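Next up is one chain by itself, shown in structure tokens, the form predicted alone.
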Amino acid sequence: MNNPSFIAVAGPSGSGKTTWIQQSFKDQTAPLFYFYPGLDTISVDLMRLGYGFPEVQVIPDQQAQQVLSSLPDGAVVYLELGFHLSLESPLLSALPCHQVAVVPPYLQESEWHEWADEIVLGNDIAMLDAVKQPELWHTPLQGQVFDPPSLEVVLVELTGGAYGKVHRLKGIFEMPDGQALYIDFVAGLEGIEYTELNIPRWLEGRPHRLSGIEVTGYNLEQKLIAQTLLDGSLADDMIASYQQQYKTLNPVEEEIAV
């Protein structure tokens, strides 16, 4: 009988924890589980995980004790620790975890170094304020479709400080040609990263799949951000027009089933 393995992953916001975990998923053949204590069910990370790794079982907070006590033989559980969770959490002390810290290359000494069994060099990011607790704002965007040039303007304004000081922004946005983009920004890194998700194009009306945005920072004008995104969402007739144009130019490609 093979006992479950627990891998706890911690580090500064934007250092690359989720990326490291998802890369590790590709090398595993065992039953995989993912647990992020305190993570909301509309989290962008959970959406991206579901699209990219449907075989991974996400452990909800309210079922954590039950699932963790009845894991299958040989299971591998990745626990991702957000900035809101202390490294001294009783949850960690109760589990035999291999502790991995993902940290920026310039950081030589920190609480993560002292805590970790293994150090992974991550993104060369700017650090959050060590004293002031950052805000975390998020909202679902399901059903909203965005014109790429207009969305880029909004994202550049947002990451440039027009609506508060943004440290991290990540989101999944639906495009008028039916594709969905994962968008990632981390303060200290150059530019905004756009990655097409490997999922079928949605070419029939408003998408009925998960999308959303998360922003971490300070003095965020949350209502204004939400309204700006809403204003940038395309109307039904524009969505239909874009989808028809795409289907006309790509007649062989099948539509996603609604």
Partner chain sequence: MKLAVMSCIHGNYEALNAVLSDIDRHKTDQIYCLGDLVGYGPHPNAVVEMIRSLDIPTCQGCWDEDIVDGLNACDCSYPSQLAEKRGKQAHEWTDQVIHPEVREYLANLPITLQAENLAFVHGSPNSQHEYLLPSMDGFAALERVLSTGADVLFCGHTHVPYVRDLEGGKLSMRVHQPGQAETQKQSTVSLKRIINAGSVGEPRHGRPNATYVLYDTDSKQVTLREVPYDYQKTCLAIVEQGLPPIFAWRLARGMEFAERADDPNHVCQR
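Residue numbers count along the first chain shown, from 1. A quick note: this is a predicted structure, and the numbers were derived from the prediction, not measured.
Same protein, other form: the form predicted in complex with the partner chain, not shown, and the subject of what follows.
Enquirer: Just give me the single entry in G74, G143, G161, P96 that has a non-hydrogen atom within 4.5 angstroms of the partner chain in the model of the complex.
Expert: Spelling it out, the residue with a heavy atom inside the cut-off is G161.
Enquirer: Just give me the single entry in S233, S43, Q28, Q57 that has a non-hydrogen atom within 4.5 angstroms of the partner chain in the model of the complex.
Expert: That would be S233.
Enquirer: Name the stretch, out of 177 to 185, 102 to 110, 146 to 154, 87 to 95, where some heavy atom lies within 4.5 Å of the partner chain in the model of the complex.
Expert: It is the stretch 146 to 154.
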